[in-house]
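So this first bit is one chain, no partners, the form predicted alone, shown in structure tokens.
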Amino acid sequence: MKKSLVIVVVALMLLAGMQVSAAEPIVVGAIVDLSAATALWGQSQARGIEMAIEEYNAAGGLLGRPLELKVYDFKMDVQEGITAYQRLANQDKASVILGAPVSNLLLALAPIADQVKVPIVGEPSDQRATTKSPGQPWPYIFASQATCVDYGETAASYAIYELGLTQLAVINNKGNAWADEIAEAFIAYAKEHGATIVSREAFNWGDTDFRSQLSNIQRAQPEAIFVPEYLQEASQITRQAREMGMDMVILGPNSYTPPMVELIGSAADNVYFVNNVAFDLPQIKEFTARYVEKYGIEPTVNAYFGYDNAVIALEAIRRADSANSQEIRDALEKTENVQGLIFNYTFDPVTHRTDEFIATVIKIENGEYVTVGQYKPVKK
């Protein structure tokens, strides 16, 4: 009798597993850069998302259904990203989409998502990507990280109040919405708090030689240069500055995370940057080890965000008890205490952004990323 009961239980378990695997999958989309200027970020982010999806599927999926991930390469081209979003929403029937860490793309997608009505969880720092007008969010866009203003003000505050630097220079791509908003926030805070912007230089998309702009900065004799740029440009600017004998402090946002040192070596020393997370946290170290074992390469910070964005979206599906995009959107707006690798996420329903995110300052010293600690900018 007992043997028969065991056989029946096992059979039921196998049948249940077959039903889950045979059920129509819930499609989760992702739009990342896999082949252009930010491909290192995009590839890392896609892998982080993949690891989250695999974990949920190993635990039985959601709503008795497996999860299917569809990833599209937008090649750092906004129109390609728009096409990818429309394809995911209309052809692939994705219930929710995870966005690239590129503000220009999310700025373009915000009004489109308002019409198509498939929510996007990403990490655009440009607050305009989530805010339609003061007090009114874009209904279908959600962001898991701090704003450009937060990054710019934190970098300026740390330079002034912790490093004692008051003669500052800035260089960035004026066509990069993310970079320019961080730069403007840095400049505004610095001026308000008694520092002087001795030089402000700009360049264009595709530029690779920054020596002319750096020469202008060098003549102004700043104590520090702020470089709010993506990895490729930030690494080239930093390397060229060092080659020109500019050994002053360089400040940056989270684009100075790995593989910055791997790209430019000792040129990255004496850099302070505002990051989303400390790399020496236990959960980050554990995830990084699993990532390296799986992919054979170190992750960038985007892998952590990819994983966390997926968790935020998947937990919204769980709370909504539905794969319907509108119901997932409603659940996303009520996100509260969702634990990720980087942060415990609660979304402000007015801004659609992470509430109370505190940045971490990291210094690059002797080729090592040294956590200085969490830091809140001084307010007047």
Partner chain sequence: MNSYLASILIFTGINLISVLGMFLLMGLTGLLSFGQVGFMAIGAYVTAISYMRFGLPFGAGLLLGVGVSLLVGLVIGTVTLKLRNDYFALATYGFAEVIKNVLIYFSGYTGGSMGVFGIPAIVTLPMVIVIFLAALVLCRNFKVSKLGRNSLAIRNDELAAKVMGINTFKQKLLVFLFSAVFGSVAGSLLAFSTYYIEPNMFNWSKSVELIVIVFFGGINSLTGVVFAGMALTLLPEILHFGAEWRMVIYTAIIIVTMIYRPTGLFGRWELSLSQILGWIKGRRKSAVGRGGQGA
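Numbering follows the first chain given and starts at 1. Here the structure is a predicted model, which is why all the values come from computation and not from measurement.
The same protein has a further form, the form predicted in complex with the partner chain, not shown here; the description that follows concerns it.
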4.5 Å heavy atom contact, I53 to the partner chain in the model of the complex: no
Using 4.5 Å between non-hydrogen atoms, is A177 touching the partner chain in the model of the complex? yes
Please run the contact check for Y189 against the partner chain in the model of the complex: heavy atoms, 4.5 angstroms, yes or no? no
Hey, in the model of the complex, is Y161 touching the partner chain, heavy atoms inside 4.5 Å? no
Let me test this: is every residue among R318, N324 and E327 within 4.5 Å of the partner chain in the model of the complex, going by heavy atom positions? no
Going by heavy atoms within 4.5 Å, which of 221-229, 274-282, 89-97, 152-160 lines up against the partner chain in the model of the complex? 89-97
By the heavy atom within 4.5 Å rule, which residue out of L107, A195, V198, V249 makes contact with the partner chain in the model of the complex? L107
For the stretch 70-84, return the residues whose heavy atoms include at least one within 4.5 Å of the partner chain in the model of the complex, in the order they occur. Y72, D73, F74, K75, D77, V78, Q79, E80, I82, T83
